[in-house]
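Here we start with a single chain on its own, the form predicted on its own, put down as C-alpha cells.
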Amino acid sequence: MTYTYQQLRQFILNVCNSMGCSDEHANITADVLMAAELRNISSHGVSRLKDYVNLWQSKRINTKPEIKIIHETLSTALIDGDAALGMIAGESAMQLAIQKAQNVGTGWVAVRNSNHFSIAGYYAMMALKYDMIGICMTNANPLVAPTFSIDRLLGTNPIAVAIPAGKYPPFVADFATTPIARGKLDIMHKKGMQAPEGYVQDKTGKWSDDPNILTQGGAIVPLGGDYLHGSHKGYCLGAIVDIFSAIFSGANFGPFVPPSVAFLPVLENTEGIGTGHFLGAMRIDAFQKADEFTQQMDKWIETFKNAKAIEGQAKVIIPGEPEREWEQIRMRDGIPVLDKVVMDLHQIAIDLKIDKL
C-alpha cells in the first residue's frame, strides 16, 4: 500500500495522542518517524509504532515525562529522559546541545533513562540550520556479538554526523556500526528475503542467511563481518558508541540495555538506567569563519563527486545524497508500506480505538 506524507503523519499523531502524549510530543514523534520514512529508512518509521505501543502498554514508556537536567557545565549536560519516547529525550537533548554551542562554541549532552529514538540522523541534522555540525549516537539493546564471540553484548549502535556546506546540500552520514540494523532484518524477514553472507550468525557463530535468526539465539555481527574483513574495527566503533552513550550518562551499557520490544523481558539486575544517547553540536565559527569553512566543504564535495567511478557505477555518492533523492520521490509519489506493517497498524487502530489508515 502507498500513503501520502500527511496520511501517515496524522496516523502517528492519533496513536501518540491515544497513548497520552501531549500535542508537542506527538508532533516531535511524528516528525522523526516521518523523516525516516521519507529518507527510505522505513525500518525506523511507522513500523516501529507497534513496538512503541507495546512498550507503553507494558509501562516501559512514559508518555508524560519530566525530563530533567541532572548535571551541567557551560558546555556539557547530563539529562534524565524519565523513560520518555526516545524521540522526546533525543530532541530535548539536541536542543540543549545547540543552545550551549551558541553560548560557548560547542555543546555536548549525554542522556540516560530513554528509549529507542528512530534515526540518529534526524538529531544531527537539527544543528544544520544554526550553521553547526551535529553529532549523535545511541546504544541499543544487545543483538550484536563482538568479534570471536557468540554472546550478544552490543547493540547496532548508530553514529550520525551532519556537516553544512555552501552551494551544495549538507554532508549527512547516518549509519549503524553493523552491516544491518535490526529493523531492516525485520523488514527483510517480512519480505521473505534471505540475509546476505556477513550480516548475521547462528547461535554457534556460523554464517546464516536467515533474517529471523535473532529469534533463534543468533546474532548480528559487527561491521566488517569477520576478523579477516575488519569486524574488529566495527566492534571498536560499536564499543565507542556504547561507552559514550552509557558510561558517560549512567544508562545501561552493553548486554544490560533494555530491549526495544515488549516481548523480551528487562533484566532484573542492570548496570544503569534505560537506554543512553550522546549528542553534540559544534559552532563552525568557533574554529574559523563559517563562510570559509563552507567554501572548503564545497571543494571537498566537488572533489569526491568528480572521482572516477568504477565501470558500471553511475557516480561516487556523497553521504546524504540518496536520502535526499528519496525525500523528493516519496513526497511526490507517496510512501510505500509493507502489507504486514499495514496489518500491524490496523491492529493498533483497533486496540486504541482510532481511525485506520
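Between two forms, the rigid core is defined as the largest C-alpha subset superposing within 1.5 Å. Heads up: residue numbers just count along the shown sequence, starting at 1. On a predicted model such as this, the values are computed, not experimentally measured, just so you know.
Form predicted together with a further copy of the same chain: not shown, discussed below.
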query: Check all three, T73, F244 and I317, heavy atom within 4.5 Å of a further copy of the same chain in the predicted complex; finding: yes
query: Contacting member of L154, A89, C136, A97, with respect to a further copy of the same chain in the predicted complex [4.5 Å, heavy atom]; finding: L154
query: Of L214, M125, A262, A77, the one that lies within 4.5 Å of a further copy of the same chain in the predicted complex (heavy atoms); finding: A77
query: is_contact(I180, a further copy of the same chain) in the predicted complex, heavy atom dist at most 4.5 Å; finding: yes
query: Heavy atom of G224 within 4.5 Å of a further copy of the same chain in the predicted complex; finding: yes
query: Proximity of Q328 to a further copy of the same chain in the predicted complex, heavy atoms at 4.5 Å; finding: no
query: K308: touches a further copy of the same chain in the predicted complex, heavy atom cutoff 4.5 angstroms; finding: yes
query: Heavy atom contact within 4.5 Å of a further copy of the same chain in the predicted complex, the stretch among 44 to 52, 293 to 301, 22 to 30, 60 to 68; finding: 293 to 301
query: Those residues of 141 to 156 which, in the predicted complex, come within 4.5 Å of a further copy of the same chain by heavy atom; finding: P146, T147, F148, S149, I150, D151, L153, L154
query: Flag for G183, CA shift 2 Å or larger between the shown form and the other one after aligning core; finding: yes
query: Rigid core superposed: S92 CA moves 2 Å or more between the shown form and the other one; finding: no
query: Threshold 2 Å Cα movement between the shown form and the other one at K206, rigid core reference; finding: yes
